[in-house]
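This document contains two forms of one protein chain, each encoded as C-alpha coordinates and listed individually as structure 1 and structure 2.
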Structure 1
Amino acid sequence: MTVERTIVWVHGDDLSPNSPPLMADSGVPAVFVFDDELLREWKISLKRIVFMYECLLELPVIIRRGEVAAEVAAFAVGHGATRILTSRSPSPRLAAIAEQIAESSGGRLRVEVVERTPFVKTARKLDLKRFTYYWNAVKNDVLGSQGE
(Lines of atoms letter the chains of each structure in order from A and count residues from 1; the text may use other names and numbers.)
(Lines give C-alpha, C1' and ligand atoms only; values in the text may rest on other atoms or scores of the structure.)
Protein backbone atom coordinates (compact mmCIF):
# COMPACT_ATOMS: atom_id res chain seq x y z
CA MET A 1 0.00 0.00 0.00
CA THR A 2 1.35 3.46 -0.88
CA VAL A 3 0.79 6.40 1.41
CA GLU A 4 0.02 9.70 -0.29
CA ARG A 5 2.69 12.23 0.53
CA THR A 6 1.60 15.68 1.66
CA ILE A 7 3.06 19.16 1.86
CA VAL A 8 1.61 22.32 3.43
CA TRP A 9 1.36 25.57 1.47
CA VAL A 10 1.37 28.41 3.99
CA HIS A 11 0.05 31.77 2.72
CA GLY A 12 -0.12 35.29 4.11
CA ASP A 13 -3.65 35.03 5.45
CA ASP A 14 -2.64 32.37 7.97
CA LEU A 15 0.80 32.82 9.50
CA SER A 16 -0.01 31.15 12.82
CA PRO A 17 1.99 28.22 14.18
CA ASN A 18 -1.45 26.85 15.08
CA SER A 19 -2.59 27.06 11.48
CA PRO A 20 -5.01 24.18 10.79
CA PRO A 21 -3.00 22.72 7.86
CA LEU A 22 0.20 22.71 9.95
CA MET A 23 -1.67 21.09 12.85
CA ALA A 24 -3.55 18.64 10.62
CA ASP A 25 -0.46 16.79 9.56
CA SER A 26 2.43 17.78 11.80
CA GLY A 27 5.94 17.25 10.55
CA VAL A 28 5.15 17.44 6.85
CA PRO A 29 7.27 19.80 4.75
CA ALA A 30 5.80 23.29 4.49
CA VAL A 31 6.51 26.14 2.11
CA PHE A 32 5.70 29.85 1.93
CA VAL A 33 6.29 31.83 -1.26
CA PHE A 34 6.48 35.63 -1.42
CA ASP A 35 4.37 36.46 -4.46
CA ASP A 36 6.65 38.67 -6.57
CA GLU A 37 3.87 39.77 -8.88
CA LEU A 38 1.63 40.80 -5.99
CA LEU A 39 4.47 42.64 -4.23
CA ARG A 40 5.00 44.64 -7.43
CA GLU A 41 1.33 45.18 -8.20
CA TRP A 42 0.48 46.39 -4.68
CA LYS A 43 3.79 48.28 -4.30
CA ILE A 44 4.34 46.57 -0.97
CA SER A 45 6.82 48.48 1.19
CA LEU A 46 9.62 46.87 3.16
CA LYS A 47 7.94 47.14 6.57
CA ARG A 48 5.16 44.78 5.51
CA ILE A 49 7.68 42.19 4.36
CA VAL A 50 9.68 42.48 7.60
CA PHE A 51 6.51 41.90 9.65
CA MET A 52 5.54 38.84 7.62
CA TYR A 53 9.07 37.46 7.66
CA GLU A 54 9.20 37.68 11.45
CA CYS A 55 5.95 35.70 11.56
CA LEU A 56 7.41 33.12 9.18
CA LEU A 57 10.55 32.65 11.27
CA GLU A 58 8.37 31.12 14.00
CA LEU A 59 6.86 28.58 11.61
CA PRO A 60 8.40 25.29 10.45
CA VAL A 61 8.42 26.49 6.89
CA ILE A 62 10.77 26.89 3.93
CA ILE A 63 10.61 30.47 2.64
CA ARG A 64 10.81 31.18 -1.08
CA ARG A 65 9.93 33.97 -3.46
CA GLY A 66 8.81 34.03 -7.07
CA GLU A 67 5.79 32.74 -8.95
CA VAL A 68 3.72 31.07 -6.26
CA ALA A 69 2.03 28.29 -8.25
CA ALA A 70 5.29 27.18 -9.84
CA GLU A 71 7.23 27.30 -6.58
CA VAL A 72 4.61 25.37 -4.58
CA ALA A 73 4.28 22.75 -7.34
CA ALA A 74 8.06 22.35 -7.54
CA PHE A 75 8.25 22.02 -3.74
CA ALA A 76 5.55 19.31 -3.79
CA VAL A 77 7.24 17.41 -6.62
CA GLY A 78 10.61 17.73 -4.87
CA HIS A 79 9.12 16.00 -1.83
CA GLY A 80 7.32 13.36 -3.88
CA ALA A 81 3.98 14.76 -2.69
CA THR A 82 0.68 14.88 -4.54
CA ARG A 83 -1.47 16.37 -1.78
CA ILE A 84 -1.13 20.05 -0.80
CA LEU A 85 -2.85 21.33 2.33
CA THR A 86 -3.59 25.02 2.70
CA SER A 87 -5.75 27.31 4.84
CA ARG A 88 -9.09 28.68 3.75
CA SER A 89 -8.99 32.29 2.54
CA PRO A 90 -11.49 34.53 0.74
CA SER A 91 -8.71 35.82 -1.54
CA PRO A 92 -9.55 35.15 -5.20
CA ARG A 93 -5.83 35.29 -6.01
CA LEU A 94 -5.07 32.38 -3.69
CA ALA A 95 -7.95 30.41 -5.19
CA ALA A 96 -6.59 31.08 -8.69
CA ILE A 97 -3.10 29.93 -7.64
CA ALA A 98 -4.57 26.69 -6.23
CA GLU A 99 -6.32 26.06 -9.54
CA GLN A 100 -3.17 26.83 -11.46
CA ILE A 101 -1.21 24.29 -9.37
CA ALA A 102 -3.73 21.57 -10.13
CA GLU A 103 -4.04 22.44 -13.82
CA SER A 104 -0.36 22.82 -14.54
CA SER A 105 0.32 19.39 -13.04
CA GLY A 106 -2.38 17.79 -15.18
CA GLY A 107 -4.31 17.00 -12.01
CA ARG A 108 -1.47 15.06 -10.37
CA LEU A 109 -1.24 17.69 -7.61
CA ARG A 110 -4.33 18.20 -5.46
CA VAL A 111 -4.87 21.26 -3.25
CA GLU A 112 -7.02 20.60 -0.19
CA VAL A 113 -8.37 23.63 1.62
CA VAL A 114 -8.59 23.32 5.41
CA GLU A 115 -11.17 25.44 7.24
CA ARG A 116 -10.06 27.80 10.00
CA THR A 117 -11.91 28.38 13.27
CA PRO A 118 -14.88 30.60 12.38
CA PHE A 119 -15.64 33.76 14.32
CA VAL A 120 -19.28 32.75 14.36
CA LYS A 121 -20.97 29.57 13.28
CA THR A 122 -24.27 30.19 11.63
CA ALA A 123 -26.27 28.13 9.20
CA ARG A 124 -28.36 31.18 8.28
CA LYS A 125 -27.75 33.14 5.10
CA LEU A 126 -26.60 36.52 6.37
CA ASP A 127 -27.70 39.83 4.87
CA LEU A 128 -24.43 41.68 4.22
CA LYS A 129 -25.85 44.87 2.72
CA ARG A 130 -25.09 46.80 5.90
CA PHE A 131 -23.08 45.89 8.99
CA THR A 132 -26.07 46.52 11.26
CA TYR A 133 -28.10 43.74 9.59
CA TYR A 134 -25.18 41.33 9.96
CA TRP A 135 -24.44 42.34 13.57
CA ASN A 136 -28.06 42.04 14.68
CA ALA A 137 -28.18 38.55 13.16
CA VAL A 138 -24.97 37.25 14.76
CA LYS A 139 -24.56 39.26 17.97
CA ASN A 140 -25.95 36.66 20.36
CA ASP A 141 -23.99 33.84 18.74
CA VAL A 142 -20.78 35.88 18.74
CA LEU A 143 -21.01 36.81 22.41
CA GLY A 144 -22.34 33.46 23.49
CA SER A 145 -20.06 31.09 21.59
CA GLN A 146 -16.77 31.80 23.32
CA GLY A 147 -14.77 28.87 24.57
CA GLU A 148 -16.19 26.38 22.08
Structure 2
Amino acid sequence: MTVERTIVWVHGDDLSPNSPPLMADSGVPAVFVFDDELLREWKISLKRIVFMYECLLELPVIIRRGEVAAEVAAFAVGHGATRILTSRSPSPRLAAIAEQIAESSGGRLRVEVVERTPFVKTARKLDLKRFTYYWNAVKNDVLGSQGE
Protein backbone atom coordinates (compact mmCIF):
# COMPACT_ATOMS: atom_id res chain seq x y z
CA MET A 1 0.00 0.00 0.00
CA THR A 2 1.34 3.40 -1.01
CA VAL A 3 0.85 6.31 1.35
CA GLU A 4 0.24 9.56 -0.48
CA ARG A 5 2.24 12.43 0.96
CA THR A 6 0.44 15.72 1.33
CA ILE A 7 1.25 19.39 1.75
CA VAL A 8 -1.07 22.29 2.44
CA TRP A 9 -1.05 25.41 0.28
CA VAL A 10 -2.32 28.35 2.32
CA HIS A 11 -3.34 31.39 0.28
CA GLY A 12 -4.35 34.93 1.10
CA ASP A 13 -8.07 34.18 1.16
CA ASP A 14 -7.73 31.80 4.09
CA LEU A 15 -5.20 33.09 6.60
CA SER A 16 -6.79 31.36 9.56
CA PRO A 17 -5.51 28.81 12.06
CA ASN A 18 -8.91 27.18 11.52
CA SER A 19 -8.31 26.88 7.79
CA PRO A 20 -10.02 23.66 6.65
CA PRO A 21 -6.92 22.30 4.86
CA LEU A 22 -4.77 22.89 7.95
CA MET A 23 -7.42 21.24 10.12
CA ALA A 24 -8.05 18.38 7.67
CA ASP A 25 -4.51 17.12 7.68
CA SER A 26 -2.74 18.70 10.64
CA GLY A 27 0.94 18.12 10.96
CA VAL A 28 1.70 18.09 7.25
CA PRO A 29 4.04 20.73 5.84
CA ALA A 30 2.28 23.92 4.77
CA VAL A 31 3.41 26.77 2.54
CA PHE A 32 2.29 30.31 1.78
CA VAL A 33 3.72 32.21 -1.16
CA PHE A 34 3.68 35.97 -1.45
CA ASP A 35 2.71 36.39 -5.09
CA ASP A 36 5.13 38.93 -6.59
CA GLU A 37 2.96 39.46 -9.67
CA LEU A 38 -0.20 40.02 -7.61
CA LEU A 39 1.55 42.39 -5.22
CA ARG A 40 2.82 44.41 -8.18
CA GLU A 41 -0.40 44.37 -10.27
CA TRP A 42 -2.75 45.19 -7.40
CA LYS A 43 -0.32 47.63 -5.80
CA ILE A 44 -0.75 45.95 -2.43
CA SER A 45 0.33 48.38 0.28
CA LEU A 46 3.13 47.70 2.73
CA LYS A 47 0.53 47.97 5.51
CA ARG A 48 -1.48 45.11 3.95
CA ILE A 49 1.64 43.00 3.43
CA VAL A 50 2.60 43.48 7.10
CA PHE A 51 -0.94 42.49 8.15
CA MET A 52 -0.73 39.31 6.07
CA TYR A 53 2.75 38.54 7.45
CA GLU A 54 1.50 38.94 11.02
CA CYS A 55 -1.40 36.57 10.26
CA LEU A 56 1.05 34.06 8.80
CA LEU A 57 3.16 34.13 11.96
CA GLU A 58 0.16 32.56 13.72
CA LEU A 59 0.09 29.65 11.28
CA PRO A 60 2.32 26.58 10.95
CA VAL A 61 3.52 27.58 7.47
CA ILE A 62 6.72 28.12 5.59
CA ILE A 63 6.61 31.54 3.92
CA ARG A 64 7.98 31.98 0.43
CA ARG A 65 7.89 34.68 -2.21
CA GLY A 66 7.78 34.47 -5.99
CA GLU A 67 5.73 32.77 -8.68
CA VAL A 68 3.08 30.85 -6.72
CA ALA A 69 2.61 27.77 -8.92
CA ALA A 70 6.35 27.16 -9.18
CA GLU A 71 6.96 27.72 -5.46
CA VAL A 72 4.09 25.48 -4.32
CA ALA A 73 5.12 22.75 -6.77
CA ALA A 74 8.76 22.96 -5.63
CA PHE A 75 7.65 22.79 -1.98
CA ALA A 76 5.53 19.70 -2.71
CA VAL A 77 8.33 17.98 -4.61
CA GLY A 78 10.80 18.91 -1.86
CA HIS A 79 8.59 17.11 0.66
CA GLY A 80 7.94 14.13 -1.59
CA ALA A 81 4.26 15.03 -1.81
CA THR A 82 1.88 14.35 -4.67
CA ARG A 83 -1.24 15.79 -3.04
CA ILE A 84 -1.78 19.49 -2.30
CA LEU A 85 -4.65 20.58 -0.08
CA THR A 86 -5.92 24.12 -0.28
CA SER A 87 -9.11 25.95 0.53
CA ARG A 88 -11.69 27.25 -1.91
CA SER A 89 -11.41 30.85 -2.95
CA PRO A 90 -13.69 33.03 -5.07
CA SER A 91 -10.57 34.23 -6.87
CA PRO A 92 -10.23 32.95 -10.45
CA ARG A 93 -6.50 33.62 -10.11
CA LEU A 94 -6.13 30.93 -7.45
CA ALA A 95 -8.09 28.43 -9.55
CA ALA A 96 -5.77 29.15 -12.46
CA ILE A 97 -2.72 28.66 -10.23
CA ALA A 98 -4.09 25.28 -9.07
CA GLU A 99 -4.53 24.21 -12.70
CA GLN A 100 -1.05 25.44 -13.53
CA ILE A 101 0.45 23.36 -10.70
CA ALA A 102 -1.24 20.20 -11.96
CA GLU A 103 -0.40 20.86 -15.62
CA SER A 104 3.21 21.85 -15.07
CA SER A 105 3.85 18.71 -13.05
CA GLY A 106 2.48 16.49 -15.81
CA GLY A 107 -0.22 15.29 -13.45
CA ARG A 108 2.19 14.16 -10.70
CA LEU A 109 0.82 16.82 -8.37
CA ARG A 110 -2.86 16.87 -7.54
CA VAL A 111 -4.54 19.90 -5.99
CA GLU A 112 -7.57 19.17 -3.82
CA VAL A 113 -9.80 22.02 -2.74
CA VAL A 114 -11.26 21.75 0.74
CA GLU A 115 -14.55 23.56 1.16
CA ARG A 116 -15.08 25.99 3.96
CA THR A 117 -18.28 27.42 5.27
CA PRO A 118 -18.66 30.77 3.52
CA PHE A 119 -18.65 33.88 5.67
CA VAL A 120 -21.68 35.08 3.75
CA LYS A 121 -23.65 33.78 0.79
CA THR A 122 -24.51 36.31 -1.87
CA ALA A 123 -25.50 36.12 -5.50
CA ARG A 124 -23.88 39.49 -6.20
CA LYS A 125 -20.57 39.78 -8.02
CA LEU A 126 -18.07 40.94 -5.42
CA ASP A 127 -15.08 43.22 -5.85
CA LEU A 128 -12.36 41.45 -3.90
CA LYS A 129 -9.58 43.96 -4.41
CA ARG A 130 -10.39 45.96 -1.28
CA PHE A 131 -12.00 44.79 1.91
CA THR A 132 -14.09 47.97 2.10
CA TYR A 133 -15.75 47.24 -1.26
CA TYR A 134 -16.42 43.65 -0.19
CA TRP A 135 -17.73 44.68 3.23
CA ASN A 136 -20.03 47.35 1.81
CA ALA A 137 -21.51 44.76 -0.55
CA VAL A 138 -22.15 42.09 2.11
CA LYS A 139 -22.58 43.89 5.44
CA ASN A 140 -26.37 43.89 5.27
CA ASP A 141 -26.32 40.16 4.56
CA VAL A 142 -24.11 39.63 7.62
CA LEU A 143 -25.59 42.13 10.06
CA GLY A 144 -29.12 42.50 8.73
CA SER A 145 -30.63 45.88 9.53
CA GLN A 146 -27.81 46.62 12.02
CA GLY A 147 -25.44 47.11 9.06
CA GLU A 148 -27.26 50.20 7.84
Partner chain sequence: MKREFADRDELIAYLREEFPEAAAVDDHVSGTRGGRKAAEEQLAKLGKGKDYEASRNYVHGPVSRLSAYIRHGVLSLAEVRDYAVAKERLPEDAEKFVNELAWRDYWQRIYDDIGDGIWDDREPYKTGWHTERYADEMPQDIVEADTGLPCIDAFARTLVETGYLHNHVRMWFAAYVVHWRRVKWQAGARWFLSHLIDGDPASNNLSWQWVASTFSAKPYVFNRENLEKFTEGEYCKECPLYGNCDFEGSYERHQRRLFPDADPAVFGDGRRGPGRGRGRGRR
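All residue numbers here refer to structure 1's sequence, counted from 1. Definition used throughout: the rigid core is the maximal C-alpha set that superposes within 1.5 Å between two forms. As the structure is a computational prediction, the values presented were derived from the model and not from experiment.
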{"query": "Structure that is the form predicted alone (1 or 2)", "finding": "2"}
{"query": "Flag for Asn18, CA shift 2 Å or larger between structures 1 and 2 after aligning core", "finding": "no"}
{"query": "Large Cα move at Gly80 between structures 1 and 2, threshold 2 Å, rigid core", "finding": "no"}
{"query": "Angle, in °, that the smaller rigid part sweeps relative to the larger one between structures 1 and 2", "finding": "63"}
{"query": "Core-aligned Cα shift of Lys121 between structures 1 and 2, given in Å", "finding": "8.2"}
